[in-house]
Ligand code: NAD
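For reference, the chain that follows is the form predicted on its own, supplied as structure tokens.
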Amino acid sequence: MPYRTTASDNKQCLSYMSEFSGKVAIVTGSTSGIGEAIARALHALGASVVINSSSSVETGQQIATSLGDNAIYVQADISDKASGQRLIDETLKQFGQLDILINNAGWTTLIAHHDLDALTDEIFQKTFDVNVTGTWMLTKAAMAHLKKSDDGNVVNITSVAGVRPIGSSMAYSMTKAALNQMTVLLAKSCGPVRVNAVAPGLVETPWTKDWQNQHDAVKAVAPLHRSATMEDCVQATLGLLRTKYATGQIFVVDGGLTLVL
């Protein structure tokens, strides 16, 4: 017998599709990968979304156009204080409020941990400028506006490299540990705004598509025998946004990898 939807089913479906209706979200670094996936998911669930990148302007504009109503693109380099403030200002100009800040923008480059000379001062500084200082400045600028929301939220996309001595470089690992600590400090100090983090393990993204050796290594040892997907990160982010009594949580999404490292 074929399954038939009922009026209750349809109502529940419509409610789900409008779950974040009336909310405004900034997703930094959202012209590809995890950030784009999160932005698209929030928009599909009814949120107005601000797409952002430091470059990739054409791609950002295309994504915003593809989403249609209630989506804009704002170019801004979060490591520059004035540029980050402009991101906030443009959001408020367009939508009049800010309810959700997803700090996804980040920067890294592959450097073997034992090769201290390869981790130059310039690379070290840029990694911290974007991943830590930029995230701090943007969150600080957004906080007063988030506090006006009936459920203000910050979700920082960090990494298991922030809880284990692993990652694409030593600098990257240090920045993600700093972001995890920033998360709990802000959660402690800035309520009722909720501040949480999603800390993925290795994720299958366009950036890691050529990292077959790394993906194979994770598959061999992680209890769930695969790398994370972008959808895994989306669902973790949505879970934290939906759990209204959760703050200061570092949600490790790694298929159990850190259990065996």
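Keep in mind that this is a model prediction, so the values were computed, not measured. Heads up: residue numbers just count along the shown sequence, starting at 1.
Below, we refer to the form predicted together with the named molecule, which is not included among the displayed structures.
- At least one heavy atom of Val203 is located within 4.5 Å of the named molecule in the model of the complex.
- Using a 4.5 angstroms limit between non-hydrogen atoms, Ile34 touches the named molecule in the model of the complex.
- Contact annotation: Gly167 falls outside 4.5 Å of the named molecule in the model of the complex, judged by heavy atom distances.
- In the model of the complex, no heavy atom of Gln235 sits within 4.5 Å of the named molecule.
- Residues Asp99, Ala142 and Asn153 are none of them found to lie within 4.5 Å of the named molecule in the model of the complex, as judged by heavy atom distances.
- You can rule out all but one of 40 to 48, 204 to 212, 64 to 72, 189 to 197: in the model of the complex, only 204 to 212 has residues with a heavy atom within 4.5 Å of the named molecule.
- In sequence order, Ile157, Thr158, Ser159, Tyr172, Lys176 are the residues of 156 to 176 having a heavy atom within 4.5 Å of the named molecule in the model of the complex; the partner itself is omitted from this view.
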